[in-house]
Each structure stands twice: as structure tokens, then as C-alpha cells.
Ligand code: 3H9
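The chain that follows stands alone, in the form predicted on its own, written as C-alpha cells.
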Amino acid sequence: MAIFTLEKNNGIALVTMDTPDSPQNVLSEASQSEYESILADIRNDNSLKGMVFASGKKDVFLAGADISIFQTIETQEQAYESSKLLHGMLQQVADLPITTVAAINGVCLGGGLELSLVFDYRVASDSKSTRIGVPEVQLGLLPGGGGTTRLPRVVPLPDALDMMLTGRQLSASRAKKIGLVDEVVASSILLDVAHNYVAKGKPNRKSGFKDRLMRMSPVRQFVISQARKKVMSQTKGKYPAPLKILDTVNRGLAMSLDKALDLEAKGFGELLVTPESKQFVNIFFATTDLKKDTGVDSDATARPISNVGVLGAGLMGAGIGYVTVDKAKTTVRLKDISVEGLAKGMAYVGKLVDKKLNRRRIKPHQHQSIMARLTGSLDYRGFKNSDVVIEAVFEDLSLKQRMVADIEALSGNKETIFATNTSAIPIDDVAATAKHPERIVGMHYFSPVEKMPLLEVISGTKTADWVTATAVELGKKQGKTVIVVNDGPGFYTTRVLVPYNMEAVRLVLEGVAIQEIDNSLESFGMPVGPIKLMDEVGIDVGAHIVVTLNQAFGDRIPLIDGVDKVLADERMGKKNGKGFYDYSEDSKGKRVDQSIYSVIGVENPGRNELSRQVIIERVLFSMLNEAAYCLQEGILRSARDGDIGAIFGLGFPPFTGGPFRYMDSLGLTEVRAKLEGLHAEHGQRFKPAQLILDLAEQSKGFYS
């Protein structure tokens, strides 16, 4: 079946792209010959005065290149030629003597935007699905189809850099504001308006004084240098793509278009073969696979959800309520035990919706519609018809069990799912006193819910497959990347985080400076150091989880006296303004609270000057080893889920590919040797997982 169709009417060629048997249009090798044949026909038809390019898909103009092609490229030279090939394809449109118009409706990303840049005009629909951007940086790449070259020549340099360095996707109205599209219209008249643009003839686009000034060497280099400072601050230099983008744009703007395109192709070639890009591509395919994953191995399917109840209107409960009414578009009944608590939760949701309205991401009637889906209560009225009830209360087993009993008594014959948002209590324990343990499932959200992308769904030993599948589907509708893990103390994310944090505390007790520990792990690529993270999560919460895991795993996750001393001094972290860091007005968590050392009995803090490498290995390998234990014991369904869970839930550096990809890159023989050395020096907590020993013995990896 054809990918492109060509219609000619009144001197205008309408080219429509509609990839068969696919929800998206992508540029691929399969489309190349057909594309070139269509353009040859247009080029040779002297009766034509214009061409309009559109999509046959409802919500997709062109989603970019076929990413699977990247996995077939092995050398820098091959990547360079791939970029040059795309340049040549797009240049065929740029060289047409007739007026060309891109009619953009829906997703227009990467190669899709780069294709649109070679047209004389770009007209976009005001559809909510119209999103325009160059997300290649998220794959560790630069826009290799002319993006670094043409985009800064079309829109102001700061806007072009922002798009390329962040992968930010613009609405049609925002794209028009910066000059990326010429007009925004209703999708129903998009093609009519695009045809009318043909009558305008070739545009005579002259750069304004401000744009010309921006491209002059001193001003351009100042803008680039400021962007570079921001990139280095955010990435610590761990990601080569943003720096290569800046260099390519800076040098390219001083060259002719042809030379700049060649420079871009070389940069694309260099980046595509980097380890960082390969890991980003791995993450892309892993998350794509998860979107199709029901979370169960059987043919059980998710049941429809119309009403969701949320117990607890604190930050977690309110966040769950928000993503449910906003993204999942499902009604929510929010319950709390006090008027004040309920009011705060409702106000929190309202504030988030107001922010979307103020940023013009939604219209007033949409704001009203979202808020109308949220109601509140101090009792169980309104919960009887809930399809799913999610509890978001304190980590207290008896309280959670009591709530299960309340919901079961209330729902009667209705098969209501009870989801517990616990970070460590086993699901089987929550379900132990339930009449219907098969309807109990874990849904572990991360705070703040509206920002954190991961949802960890936990299946107990008695959880029905349809229940797990329904929880997964709800999570996806809430906009989450969902992994499913099996039940056990701490599940996966919490379980691997505890030894990581505890090893950092041990180093403090041994005399290593808190700031040096956090700086070391941040230099590895963690978004925040382990000690600061304890303050963020809540020291009391972490201490409770440590006890739970110690009871389950004994000497492999031993208790630490220092944590008790911290709690005895009423230090809970950021939430009560007292922790390892100073939360006074002049510090706001930026400095270590030096008084913490006397609290935990550390004299002369910083006396133990370990190298950063030693600090990183001790703290990091405790997490890596525990991740392997989780896979070995069947808590994780796959290494893929372990990598995605750590990246999206814990901030494990994406450029490493996640803990399992990272161990594979080191080689499991090396991982085994490191752990055996740490085990000999520091004891049972570093005993290597048998899975690591077995794979190392076979010269295999987690993915091979």
C-alpha cells in the first residue's frame, strides 16, 4: 500500500502522507523511493504553481524518523551518511520553484518539524494534538535533518536553542508567537487555508534587525555562552548532546547553509555512536514496550473505570486526585478526616489546574470541566460506586487494613479494587484480613505525583490478574510510566534505595563530610545526593522503612544507630525544617547543618578524606547489588523494568541506561570483583547476588 498520495487540482498538488497499518507517520527507508517519485512528478509538471503537504492521520503530521534505524547504524560514517541522505531528501522540497505549504495537524516532531522547515509556509491547526518540537536531545542526539541549521534561521536564536536543548514541544499558538508557523487555524479549514497560501507566492523573508544582531558573532557567542553555562549547571557535562548542539549552532550560523548542514551531519554522526545515545535509544524502546505491556502474562484485561476514590487529602492523595481528574479524565471522590485537611487537598488540585489555565494550556471551560470531576467528603459517602479506591495515608498496617474492611463493607457486591499507596508494606500484609484479597493491589506513586513520571504497581500473591491490569491501565491514563513488580518488603524502588541511603549515612559516621558524599554521587549523575534525598523524603519515613527491610533481610540491610539519634533530635528533614541540611531562611537547604555532627557523635567531620571514586563505589554498588537481588528473587519481571523504575522513579542517571545496563557496560566480571572486595572489607551487606556470580561465570550480562 502507498504511503503517499498525490492529487492535482487547479494547479496545486496535494501530497498526503498516511503510513499504512501504523498510528503514526515516520520517515523511513521504505518511504524514501516513494517520496522521491512523488517529488519528481511535481518537479516535472509545469502546470503546477504550488504544493501542499498534509497528513492523512487524525492527530499526527509526522512523528520524525524511524528510531529503529538508529540501532542498525554501527559507525560514525554511516550515521553521517544517514544525516546527509535526509538533508538531500528535504532539499528536494526546498529546491522546488513552486510555492510550498506544510499543513500541520497533530504531532510534528524531529524530522517532521525539519521537513516543515524547508517549506515556504507553515500553517498549523489549533488542535490540542498539534505539538511541534525537536526532541532529539532526549535520545542523546542533535536534530540531524537540518534542525540545528534551519531552525535558528527561522526563529530567534534563544527560542531555537531552548527547543533543541530541552526537547520542549510547542503548541501551535506558541509556535506562531516565535515565528515558527505563519498561521494557526481550526483543523476543519486547515487545508483550505494552506491552499490559499499558494496564491501568496514565494515569500520574501527578511530577518529583522534583532535577528541579524543575534547572529552577529559577539552577540551570538554571548547567547551561546549563557546557554552553555545553564547546560553545564544542569547536566554537569555528563550529556554530550547539548554541548554538541551549541557548538554546531554557533559555528553553523557563521557558515553558508550547505557547509552548516555538513557540519550538522558530522555532529549527528559523532553523537549517534556515543554510549550515551545508545542508552537513550534503549530507554526509548523500553518505555515504548511498557506502553503496550498490560502488566500480566495472562489474557486478563483491564476493566473500565468511571469513578475513583482517594483516601487521604495530603500532598500524595491530592496529587493522585489531580492526575486522575486532569489526565485520566475520571471523577474523583477525595476523603480526609478533617475539614482543614480536605480543604487543603482540594485547594492543591485547584492550584495546579489554575496554573494550566494561567499558562494558557487549557481554556476556562476546560478548567471548569476538570474541577467538576473532583468532589470531597469527610466520610465514605460517594465511595459506594467507586471502581477503584486508592489509599494515601500513613504507613500504618492496621490503618490500611481497617480501610480495606470499610471499603469492602461499603461496596457490597461491587468488585471494587482497593489500591494501597505504600512504599514498603507488603501487599499480602494489607490483604491478610480482607474478604477479597484478590482485589487488593499496590499502586506506589512518587512525590510530587504530578511531576514524577513513575508508577510502581505491586501484585500480591493473591491479586487477580484483571486487578493488576486495571491498575496498570489507570496509571497509564494518569500519564505515568508503569512497571509491575511482585510483592515483597520494599518492592523494588524502595528496596534498592534503602541500602544506597544507609551506606551514605555509614560514611558520615566514619567521618566523611556530608557535602562530599552528596557531591560525589551528584558527580556520578544522580540528581540529588543520598543524604539530601533523605531530607527530601523524610528521615522518619526512611527510618521506618529501614526497620521493615531489616526484619526481612537481616544483616544484608542492618540497622544504623545514627538514624535513631537524628530522630531523637526531632529531625525529620525538609518537612519540619530540621535535618542533615540547614533550612533557615539564609540557607534554605543549600548548606549542611553543622550541628548534625554532634547529634550523631561525629568529631572532626571531614577527617576521613576518601576519594570520590571510593565514595561512589560504596554507595552505588549497594544499590546495584540489591537491584540484582530483586531480579534474582522475582520481585522484578525483567531487567528492563528495573532500569526504567530506577531512572523514572529514583533519578538514576539516564545516560547509563539504568542499573542493569550500567552493570552490563562495566562487565559483570568487574561488578563481581568490586562486590567481593567490598564484601571482604565491609561485611554481609555487600555479599554479591548469586545472579551476578552466575552471569559473570558464564560471561553474560543481564541483557545478553
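What you see is a predicted model; the values in this text were computed from it and never measured. When you see a residue number, it is the position in the sequence shown, counting from 1.
Another form exists, predicted in complex with the ligand; not displayed. Remarks below refer to it.
- Contact between Ser68 and the ligand in the model of the complex is found at the 4.5 Å heavy atom cutoff.
- A residue is said to contact a partner when one of its heavy atoms sits within 4.5 Å of a partner heavy atom; Gln24 meets this definition for the ligand in the model of the complex.
- The closest non-hydrogen atom of Ser459 lies beyond 4.5 Å of the ligand in the model of the complex.
- Shown alone here, Pro654 lies farther than 4.5 Å from the ligand in the model of the complex, counting heavy atoms only.
- Contact annotation for the candidate site: Ala63, Ser83 and Lys291 all lie close to the ligand in the model of the complex (heavy atom within 4.5 Å).
- Per the 4.5 Å heavy atom criterion, the ligand in the model of the complex is contacted by stretch 138-146, the sole one of 564-572, 229-237, 138-146, 151-159.
- Residue in contact with the ligand in the model of the complex (any heavy atom within 4.5 Å), chosen from Leu246, Leu497, Val107, Leu549: Val107.
- Interface residue among Gly490, Gly111, Gly345, Gly442 relative to the ligand in the model of the complex, by the heavy atom within 4.5 Å criterion: Gly111.
- Taking the ligand as positioned in the model of the complex, the only residue of 256-282 that brings a heavy atom within 4.5 Å of it is Phe268.
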